[in-house]
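Each of two forms of one protein chain follows alone as structure tokens, named structure 1 and structure 2.
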Structure 1
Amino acid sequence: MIKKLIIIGIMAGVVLIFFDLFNAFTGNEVLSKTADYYARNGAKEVGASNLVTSIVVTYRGFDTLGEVTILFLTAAIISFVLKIREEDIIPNRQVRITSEILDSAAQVIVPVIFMVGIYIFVNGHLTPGGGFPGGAVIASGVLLMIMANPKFGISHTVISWVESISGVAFVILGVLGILFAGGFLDNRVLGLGDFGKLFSAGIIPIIYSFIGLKVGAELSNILGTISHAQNEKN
């Protein structure tokens, strides 16, 4: 009884706190100094139609670098924790047979998912999207492949190469911004091109492509590690 009363009291306190926050909330009527600068000068300086996501890889490039690093560390930690020895793997483990519908659908849908993921990060400077959502879409295709075929194996060597090349290329592009433009990940290393066109916004499409490949590889590595761990003996 006392435990229930304590829980009810905590819930009531949380509700009261959120009610007070919502009741006292007032939206910003004017942009902050930084946001106002982005709004006034972003399109001209960055040359991207989708200014919101383009800010992430230009003005706030260090934030993106940190996010990619965190995702890499997460994938590395999961791989380390779930790492199993070869002698602990059941070679002929019985797995649940998937339906023919799922297997056939995966063969048709997975290539489409990969194409959509690539489209999202290649066109991230023009339409909503970018490297992170594009990479996540690609990883969802890998997940569908695993669901359709539980014995599907992901080449960790290929994943590692994709991760490494994408990460190094991302940093190199950032350094090129320092050497040939105005700062780290400055997209004006290349010409801004025609506003609204595919080949525009400098190196932002290239940056998004490498981010998308890296994110997709890291998330796929997590999925592959979890799937591989299912072969462990009980």
Structure 2
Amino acid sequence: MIKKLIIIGIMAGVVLIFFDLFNAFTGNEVLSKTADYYARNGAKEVGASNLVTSIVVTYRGFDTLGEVTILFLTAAIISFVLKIREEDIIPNRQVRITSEILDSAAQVIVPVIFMVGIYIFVNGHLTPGGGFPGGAVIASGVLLMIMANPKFGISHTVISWVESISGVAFVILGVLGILFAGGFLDNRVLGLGDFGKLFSAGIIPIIYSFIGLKVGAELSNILGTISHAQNEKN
């Protein structure tokens, strides 16, 4: 009973806090000052059609670096916590046989899913999408592979190489910005090119491709670890 009362008290407190926020919300008619700056100068300074991309990769690129680091840390902690000793692995675990449809469809669809993921992050500066959705799409392709063949193990060598090479390349490209342009993660290392073409916006497509590969590798690693944990005795 007291527990219920405490819960209701906490909920009331939260409602009180957020009611102010909700009450003060009137909807916007014009952009805020920061967004106004980005809208006026984003196309000129960065050269990417997609303003969200230019904020994620260039204006707030440092945040993205931290974000990718957090994702790497969660993947590492999950691998650490779910580590299975050799003697705990069930030698020949009986898995339910996957249906013929899933099995055959996976072989056809998985390369297409990978291609769509790569398309999404290569074109991140022109169309909606970018490294994070692209990486998630690639991880869904890996998930389909695991589901079609439950014994399929993800090669940790490949994952760790892809992951570390893209991470290091991201930082090196950022440092190149200090050397050849205005600052860390400045994209004007290469020319801005024609607005709206694939090879434009400086190094944004390259950085976003590395982010996509890194996110895809990390999410696949999480999925692979959790699905491998099914093989553990108890």
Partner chain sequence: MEYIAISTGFALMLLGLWGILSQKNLIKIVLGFTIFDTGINIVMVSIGYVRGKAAPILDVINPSEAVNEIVDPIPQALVLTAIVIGLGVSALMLVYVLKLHREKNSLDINSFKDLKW
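Given the structure is predicted, the values throughout are model-derived calculations rather than measurements. In this text, rigid core is short for the largest set of C-alphas that superpose within 1.5 Å between two forms. When a residue number appears, read it as a position in the sequence of structure 1, where counting begins at 1.
- Working note: structure 1 is the copy from the form predicted alone; the remaining copy is not.
- Shown in the overlay between structures 1 and 2, fitted on the rigid core, is a CA shift at residue 175 smaller than 2 Å.
- Here residue 26 does not count as shifted, since its C-alpha moves by less than 2 Å between structures 1 and 2 after the core is aligned.
- As a two-part rigid-body motion between structures 1 and 2, the smaller part of the chain turns against the larger by 13°, taken from C-alpha fits.
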